[in-house]
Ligand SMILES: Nc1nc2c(c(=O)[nH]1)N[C@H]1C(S)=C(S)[C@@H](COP(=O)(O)O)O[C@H]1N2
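The chain below stands alone and is given in structure tokens; this is the form predicted alone.
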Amino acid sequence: MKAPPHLTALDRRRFLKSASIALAATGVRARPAWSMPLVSAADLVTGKDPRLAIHTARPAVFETPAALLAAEQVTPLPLVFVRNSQQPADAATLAAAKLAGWKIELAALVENPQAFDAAVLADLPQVEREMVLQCSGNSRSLFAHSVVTKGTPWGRGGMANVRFAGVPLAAVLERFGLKIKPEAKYLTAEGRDDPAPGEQDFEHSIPLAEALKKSLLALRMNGQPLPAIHGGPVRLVTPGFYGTMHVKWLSSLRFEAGESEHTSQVPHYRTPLEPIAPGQKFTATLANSEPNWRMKIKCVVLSPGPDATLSAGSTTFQGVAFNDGEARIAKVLVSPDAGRTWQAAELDVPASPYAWYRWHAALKLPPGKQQVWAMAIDELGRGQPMDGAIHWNPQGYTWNGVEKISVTVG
């Protein structure tokens, strides 16, 4: 595998690193054609674990190797993946950003628009939510089994289980006596993220009713002041929604009648309302697609990894399962023989409905190459498609096909 000749040495290393991640996710192994040491995630973002895989350096896009997610229920901050579409110049650190002096605007369909200093939030009652944080492009590379999609070639590590703490949106509105006009149906959150020339700050819209019920203006993550790289000092967080909707570096909340038409809301971060054939061209509009809001039910094998070589005898497979938090995960089923037979895994039920469920299952596999499958089903009867490619879309969003891991038993 060779990088394009016009790239700089550092860009060649990044290209080869990203390509290797994509190939590894599909079971293809690649050997770099150079011997220079790689720049690590710790070199690019202060405090991050050097074992994170780099997709891009700036804005930072780092993936967590799936095996590193298996050890703890709450993912340590150094191991949490990073996905920034744009990034402030001073945000490349796990250190906290300064809260005092950070302004947040409350505007649009309200009777009393205003702005406030975010330092006020520190004096309001806080709540904490344990929840899955997942990029809507997580597992994108698995679509490559049908037709390769656009976007970062995520494997399975664009996810984490974290604890956000902050002030509920409803409490913030009460504190400032904000009166929302009845025609407002959506909340649009904008981030102050130093866009490139000609571009705008990142923003997303979510249903106002759900925001008033679930959303937090988050100030802390895993008990620490919200790191700058993860959106500090203030991030809008809505449990059960894909990570792209948790707008970082929050600067404005607008109460509006319709969804934003910003490029980050449409055509990006949307999937077709009706299935399309893999490879088919598709341009998303507000009418023909839906935004990446509520997370689909999903099950992921964390250990052993794809293409692992196992010793004869029993092997414990472990992983996580989660959904949008609207119903409990009822069961995880694991198949040792590519779907011919299934057995129930042992589930660890978390206290929070939005957190992931850890599971494990002991399987005795025959010698040779085997394919182990895993899938989750929740109490609403929602499950995963046997072939995730039925939800193929050009941007590779929201993969949730049945998990399929090939291993070799010696």
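One-based numbering along the sequence shown. As the structure is a computational prediction, the values presented were derived from the model and not from experiment.
What comes next is about the form predicted together with the ligand, which does not appear here.
**Q** May I ask you to choose, among 233, 319, 243, 155, the residue with a heavy atom within 4.5 Å of the ligand in the model of the complex?
**A** In short, 243.
**Q** Within 4.5 Å of the ligand in the model of the complex, heavy atoms considered, which of 302, 187, 217, 133?
**A** Selected residue: 133.
**Q** Of these, 74-82, 101-109, 319-327, 172-180, which stretch puts a heavy atom within 4.5 angstroms of the ligand in the model of the complex?
**A** After filtering at 4.5 Å, what remains is 74-82.
**Q** Quick one: is residue 126 in contact with the ligand in the model of the complex, heavy atoms, 4.5 Å cut-off?
**A** Output for residue 126 is no: heavy atoms all beyond 4.5 Å of the ligand.
**Q** My question is simply whether residue 86 lines the interface with the ligand in the model of the complex - judged by any non-hydrogen atom within 4.5 Å.
**A** Within the cut-off, so yes.
**Q** Determine whether any heavy atom of residue 255 comes within 4.5 Å of a heavy atom of the ligand in the model of the complex, and answer yes or no.
**A** No, residue 255 stays farther than 4.5 Å from the ligand in the model of the complex.
**Q** I'd like to know if residue 191 sits close to the ligand in the model of the complex, meaning any non-hydrogen atom pair within 4.5 angstroms.
**A** Result yes; residue 191 sits at the interface with the ligand in the model of the complex.
**Q** In the model of the complex, which residues of 236-273 put a heavy atom within 4.5 Å of the ligand?
**A** Contacting residues: 243, 244, 246, 247, 248, 249, 269.
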